[in-house]
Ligand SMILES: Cc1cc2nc3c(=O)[nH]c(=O)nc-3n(C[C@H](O)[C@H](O)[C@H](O)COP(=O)(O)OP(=O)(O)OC[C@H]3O[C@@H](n4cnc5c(N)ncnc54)[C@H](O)[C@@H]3O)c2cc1C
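Single chain ahead, written as structure tokens, the form predicted on its own.
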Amino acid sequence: MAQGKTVVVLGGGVGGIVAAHRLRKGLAREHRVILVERETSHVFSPSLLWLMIGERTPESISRPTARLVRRGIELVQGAAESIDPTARKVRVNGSEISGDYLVIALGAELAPELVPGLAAGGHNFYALAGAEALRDARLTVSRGRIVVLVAAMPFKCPAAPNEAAMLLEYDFRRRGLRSRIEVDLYTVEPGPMPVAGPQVSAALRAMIEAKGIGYHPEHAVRAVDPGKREIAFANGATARYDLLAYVPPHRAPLPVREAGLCGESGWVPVDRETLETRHPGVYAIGDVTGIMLTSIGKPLPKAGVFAHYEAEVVADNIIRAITGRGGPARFTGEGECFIETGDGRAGFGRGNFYAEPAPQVRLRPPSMMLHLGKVWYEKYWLFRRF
């Protein structure tokens, strides 16, 4: 049996936390599990949608990262400055950390600056500060046009912009302002959640449009004019707005790009079942990865549920490599997510994205029970992990 091994996990999002927890539980204390995370608080990002309409506070959806130490995880507070995947080393706070295994779970970097005027013209509800600003800004609008904008693909949590549009519609309606407010969703996508298949996409679009929300697919944003409050699209169209909520462009984090870990897609290529990179002992999970679904020629969506299941697979295989216990684990492409629709209801999608000849996904219609299921999972996650 190997002695004194070190596993370094980069990133304290969903994937990194699940991986660190599972590794710590499955390895004896002679083996080190080190988690590198720059933020002092972990924010449960699915709840930012509730925060933006005033149904959560930052404190209610956040927990101190330092609490992970109580679980036996070694926490290094700081940003990964550089990564050497060949030597399995990372530089943090000017010092090097070496590992026998390296798990890269750094997520996607949000880059609104890639679209001229976007950051100044609207609110990035994928970030805590942006969701808070949107929460406050919505109260200053009593008439006009609300636009939810998806700036580029790929982006994490494919359901989120659709949820945001429906939740904002619900919020203005419950405050008695809906008759004076237009709500529109502009997206570069051909339809909502297209990788889930045409039936799911059509059903979700029907949910959105049934609420009187205008749905505008295949609109790639070119620039935003904050002064005019106008969005210009590559197809020549323009859209005026009084309040803009946006999903920014995503890209792999700088240290990942500089390490030469990214492939042609701009994301880290991995074995789709084991999540190992081309460097032995180095794994990548979650939003930082690029996994092509060869059956349809599109990438696996970036979603927390996939990061969670991938983290379990990677942790189990590392534990097996160190201890010799258990069988090989494989990520099978299964996933699910809640879809908030407002009025205390949520839908639920579940399926296998590795299925042939195309992903097999089913969408359950919205219900109060499914909404309560999402509320329960939020509470469970924050209690269970911290």
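All of these numbers come straight from a predicted model, not from anything done at the bench. Start at 1 with the first residue shown and count on from there.
Keep in mind that the form predicted in complex with this ligand is not shown, yet the notes after this line are about it.
For the three residues Val69, Tyr101 and Glu312, a heavy atom within 4.5 Å of this ligand turns up in the predicted complex in no case. Taking a 4.5 Å heavy atom cutoff to this ligand in the predicted complex, the contact residue among Leu167, Ala307, Ala151, Ile291 is Ala307. Contact annotation: of the candidates His31, Arg63, Arg38, Arg345, the single residue with a non-hydrogen atom within 4.5 angstroms of this ligand in the predicted complex is Arg38. The stretch in contact with this ligand in the predicted complex, judged by heavy atoms within 4.5 Å, is 43-51, chosen from 346-354, 23-31, 43-51, 315-323.
At least one heavy atom of Gly78 is located within 4.5 Å of this ligand in the predicted complex. For the chain shown alone, Lys156 is a contact residue for this ligand in the predicted complex, at least one non-hydrogen atom being within 4.5 angstroms. Although the partner is absent from this view, Gly122 stays clear of this ligand in the predicted complex, with no non-hydrogen atom inside 4.5 angstroms. Met193 falls outside the set of residues with a heavy atom inside 4.5 Å of this ligand in the predicted complex.
Shown without its partner, the chain has Lys374 as the single residue in segment 342-374 with a non-hydrogen atom within 4.5 angstroms of this ligand in the predicted complex.
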